[in-house]
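Next up: just one chain, as structure tokens, the form predicted on its own.
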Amino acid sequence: MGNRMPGLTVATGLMKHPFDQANGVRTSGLVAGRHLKSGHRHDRHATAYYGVAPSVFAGLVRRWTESHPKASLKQWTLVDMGAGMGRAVLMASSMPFLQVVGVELNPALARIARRNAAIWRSAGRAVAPIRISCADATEFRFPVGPCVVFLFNPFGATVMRRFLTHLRRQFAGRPIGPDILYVNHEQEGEIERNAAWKRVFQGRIQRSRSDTKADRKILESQPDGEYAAASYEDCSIWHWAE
């Protein structure tokens, strides 16, 4: 599959993000949800693959650490649900988390993420251990200890509801977590209706000037022109309240 997905070839609009050029990895490209076929029943609820802007990810994690989570950063596992090719996973592994786990439903994207992780490790950029799991969000078994879940709008409302139910069951009886970091938070109403979480931030996280320029250029190169770039992402942060 891999390169044959629309959006992952130059002919279908692929343009490298500066993050890839600087680090020798492959996280660029935009794949619409209709092209992310894995054979799983949740395929039709996938949104799209696109790597989060590095400045947005860093800004959101910084806001979360300033929101007084219930443990120090080195005790948390960051779990990226819908990790794609692993850009957020790579960036998180450069921070002093206990570990970083990428969960991706599509096998082709998961394979690319594993290759990226190997490159990242060999370059000495990983402070935290990295693991990539090819799994469905509603079936993934979370590791022990505090977990913070990163979401870059990976799926629609149906899967979000199932995922939140699964998350509550996985953490029933645990003393801490899970917190949620949500970028392009289209389904945040599903979290808001769930008493297990309390929103501690809602607002725009600004892209850096270089990320804004790069993302605008990349998205304007897409043949279908169905996605637009902005200088920010609408985001929210949620603390576990039970």
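Note that residue numbering follows the sequence shown and begins at 1. These numbers come from a predicted model, not from an experiment.
As for the form predicted in complex with a small molecule, it is not shown, yet the points below apply to it.
**Q** Can all three of Leu36, Val103 and Asp136 be found with a heavy atom no more than 4.5 Å from the small molecule in the model of the complex?
**A** Checked in the model of the complex: all three residues contact the small molecule.
**Q** Spot the stretch among 48 to 56, 189 to 197, 173 to 181, 211 to 219 with residues whose non-hydrogen atoms come within 4.5 Å of the small molecule in the model of the complex.
**A** Answer to the contact question: 48 to 56.
**Q** Can you tell me whether Leu167 touches the small molecule? I mean in the model of the complex, with a 4.5 angstroms heavy atom cut-off.
**A** Leu167: no, not in contact with the small molecule in the model of the complex.
**Q** Determine whether any heavy atom of Trp76 comes within 4.5 Å of a heavy atom of the small molecule in the model of the complex, and answer yes or no.
**A** No, no contact at 4.5 Å.
**Q** Arg63: heavy atom within 4.5 Å of the small molecule in the model of the complex?
**A** Arg63: no, not in contact with the small molecule in the model of the complex.
**Q** Would His42 show up as a contact with the small molecule in the model of the complex if we use heavy atoms at 4.5 Å?
**A** Heavy-atom contact with the small molecule at 4.5 Å: present for His42.
**Q** From the list Leu109, Val148, Ile132, Ala92, which entry has a heavy atom within 4.5 Å of the small molecule in the model of the complex?
**A** Among Leu109, Val148, Ile132, Ala92, a heavy atom within 4.5 Å of the small molecule in the model of the complex occurs only for Leu109.
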